[in-house]
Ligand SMILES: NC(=O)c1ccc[n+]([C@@H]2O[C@H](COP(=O)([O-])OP(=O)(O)OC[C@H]3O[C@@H](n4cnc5c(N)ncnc54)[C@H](O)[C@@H]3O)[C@@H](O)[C@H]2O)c1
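Below, in structure tokens: the form predicted alone, a single chain.
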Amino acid sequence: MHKIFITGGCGFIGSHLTEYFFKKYKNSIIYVYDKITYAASIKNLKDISNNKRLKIIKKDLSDYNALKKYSKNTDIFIHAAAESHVDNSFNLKNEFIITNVLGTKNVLDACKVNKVKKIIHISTDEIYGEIYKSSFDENSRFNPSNPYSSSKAAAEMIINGYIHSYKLPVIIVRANNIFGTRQHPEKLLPGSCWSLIKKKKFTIHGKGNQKRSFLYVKDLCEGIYKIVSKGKNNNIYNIGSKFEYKNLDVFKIVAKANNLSFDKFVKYVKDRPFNDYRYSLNFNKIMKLGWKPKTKIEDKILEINDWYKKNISRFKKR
């Protein structure tokens, strides 16, 4: 029997990963390690939470002894936990360093002691910074432009040191913007759903012309499964899509799904201290493993919007 360990498994991406691997590895036990912040919920795992193959550990990444204890005998370790909201990071809160940098170091130390054979670290396309044309491949240099992406880049530097110093079997995944159900309304697409369902105005930074490529969360899960199955240790894989949207266009798609006129519910506000114009990934490397993105926002927007209608009370007033 395999043991799979997933940090942040009650969060948006982590819960989808947990469900996906729970179904793929039917004879495995899955440990979810999550401190369950405002952006996470055990409800995200309600369909499998009572199954004996799932163990939920409510602990913090800063607790190294707990990490070491519960990850003993782990076969596959997926590190998905992170502080990820860029706007919050501009306040320079220590949580971003504590979770994303020191938390990652604790994960690596626990995996080293427990001799974990496969470690997947989920990073972000934002470590590359912005690109006006073309796309970044896995060998492109780091150029993070905000405190969040800087903390994720710092985590990767620590990983790089552990790979070289201790031969730790880590695979790094850098992904585009992820969309799907269960995401906290602090992010663009779910925030648009939340506001329009409530008939409230939604704030757009600047003119909303920033471009982002969006990757469906289940496409991400399939990509990570391919990497676990076929990927090579100590490699980096971009997981992305060419489904590119301006921020304002995402809001327009959500407005259409709610049969509302977007211009009556949009509120333009001062832009972030710095806001990357465009992110884009070259993901040819993972496509060679037999993976490709399938799903656009338009394909799932009605399903996602309906989920927020049914779960609107889950989230506190923004």
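Computed from a predicted structure; not experimentally measured. Position 1 is the first residue in the sequence shown; the rest follow in order.
This next part talks about the form predicted together with this ligand, which is not shown.
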{"query": "Joint contact, A40, A82 and S123 to this ligand in the model of the complex, by non-hydrogen atom at 4.5 Å", "finding": "yes"}
{"query": "Answer range among 286 to 294, 45 to 53, 32 to 40, 245 to 253 for contact with this ligand, defined in the model of the complex as heavy atoms within 4.5 Å", "finding": "32 to 40"}
{"query": "F12 within 4.5 Å of this ligand in the model of the complex, heavy atoms", "finding": "yes"}
{"query": "4.5 Å heavy atom contact, Y148 and this ligand in the model of the complex", "finding": "yes"}
{"query": "4.5 Å heavy atom contact, N238 and this ligand in the model of the complex", "finding": "no"}
{"query": "Contact label in the model of the complex: A175 to this ligand, heavy atom within 4.5 Å", "finding": "yes"}
{"query": "Residues from 46 to 65 in contact with this ligand (non-hydrogen atom within 4.5 Å) in the model of the complex", "finding": "K59, D60, L61"}
